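Take a look at this single chain in structure tokens; it is the form predicted alone.
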């Protein structure tokens, strides 16, 4: 007896009823914002990702982006609830590629992959266990899908083949049919959620970039760091004292290297692993005086911590009733879903650190590793499952600390080991202990698909060549950082490339007006400041088949895959960055359609083609769009302070006229949320003879105006 599709839904054998299929759930979507559609399946549980993050959509930005039709047909989206699980299916067309599903390090194309989205340290394999396993994907057809669930999601991204699929592939005889494949064509993204419901969001395009922008804006809009956060940072060795940290800050100035904030590692606390959240009185006898002296040098202070509380902490007895059943390194784990637990931790941070001027945090070990983090068997007093706590803990820690700085009307910028969907507005950059330079760039690309920030930090290097190449890439990233907690390295640790490292660090400072504006666009318009080429208009890469593992003769289960572009990316609107890695003297660069120019010389580079470059060790290849306008300031050792004017050198590339809106505010407070900011239009026009001239609009009355003298540099004339 054959059960044909859904015609026969149950059978009775020996009095037992078996249901091979479930009743399909209603997948009717409701518009909740311009171009954003929501569907509730079954009975979703809390906390979900959005409620854990506590975000509110950036309504003004979504309105500016404009409305759009629902991007998928409701009838093509399937949902079932069975045995306590929610099963979802979304359609895929032939030739369609998808991107996202969190902070992956080795793959950009996600079609054909199976992922278990699980907050964890990154272990070297793109299997879904990563620092930010965001359940969002975007299609090259111009739409996005977000599943607002804090459970461990299993994703079959175009791998399963349903027999009721309209394009179900027929069977083939491997013995005689050369077209036989171990991976038949699949036309669906299928997701398993271990809960009896979930919220689904669809984000319209019509382009992939617009879908990503809507996701970022609906997630609160991107973060806007303080100006100093985009400068240069050095994290010092674990047991540094206040005297050593001050001496290191002085040495940066003496050697002409920029420095905006120093990061203290575990030794600032009286005990760590677990933490007291209190200063060590021997290494830091006068914390308030130390912080004050550092600020007088123009250097902010950032503190490392993890959230596991030592019995020696002044907060221990208060927090103990609000902690889980398991410990981490002997420290108790606060249940941050409880207001009382948040208040106790907040009071300790505020009293001991924020009130004396600490500028931010590095929140470590809130991601994994399974052997030391609480197990899924743990229980928490709120009743929140250990699984959901794992998926949302990084979000809640970011929310807690960001709220503290908001109360002080001070912006912060820090580091975190775990995030998730809904975390776009938090001023935190993800980092980890994995140290592959090439994979760091792939992660930077993937961060732009999922609403998080990532830094390809520099720690140590085996050679001066590697040191320089790593420094070049970290400069073109959300946080320009050396993390010397273990190695003790300094920017000048390799004397043979000290000048080149200084030059690239100062270039970061010159680009602050540009990067600050690009982060403002992230905040107000949802445009990721660092992103992959697949979000760039005019970028096309002809499919190139490559074997997944060996040849078909060696391995009959090998499959052809499409070539990924995972070693070049966009830094803001105009800069295409194409890193070189250790041992490389040249590389290919894929230029999108349109004329592109060399950043350093202004010379024409190509148009919609693959070029080969060999810039020498002192330069990282960077290319600029035709008509691009890059606002730069003089090289400086510190970012401009509030109220400090800075001169502008405005560069123009190519032959086309162009326009760019330069963002300005006080650089440090949340007053921009009250309208205390300005957009000044930079315009470059060409006359009939092709001569270029530039203008900068005047600052509005009573609006921020930090621009001093303006000079123009037409790079391609």
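Numbering follows the first chain given and starts at 1. Because the structure is a prediction, the values reported are computed rather than measured.
There is another form of the same protein, the form predicted in complex with a small molecule; it is not shown, and what comes next is about it.
Inset, instruction - Sort through 356-364, 95-103, 632-640, 208-216 and report the only stretch with a non-hydrogen atom within 4.5 Å of the small molecule in the predicted complex. - result: Answer to the contact question: 356-364.
Legend entry - 4.5 Å heavy atom contact, residue 433 to the small molecule in the predicted complex: Flag for residue 433 set to yes.
Inset, instruction - Mark residue 483 yes when one of its heavy atoms lies within 4.5 Å of a heavy atom of the small molecule in the predicted complex, and no otherwise. - result: Yes, contact at 4.5 Å.
Inset, instruction - Check whether residue 369 has any heavy atom within 4.5 Å of a heavy atom of the small molecule in the predicted complex, and answer yes or no. - result: Residue-level check for residue 369: no, no contact with the small molecule.
Legend entry - Partner proximity in the predicted complex: residue 581 to the small molecule, non-hydrogen atom cutoff 4.5 Å: No, residue 581 sits far enough from the small molecule in the predicted complex that none of its heavy atoms falls within 4.5 Å.
Inset, instruction - Using heavy atoms only and a 4.5 Å cut-off, determine which of 152, 374, 156, 304 is in contact with the small molecule in the predicted complex. - result: By the 4.5 Å heavy-atom cutoff, the listed residue in contact is 304.
Legend entry - Contact residue in the predicted complex, chosen from 298, 621, 266, 91 - any heavy atom within 4.5 Å of the small molecule: Flagged contact: 266.
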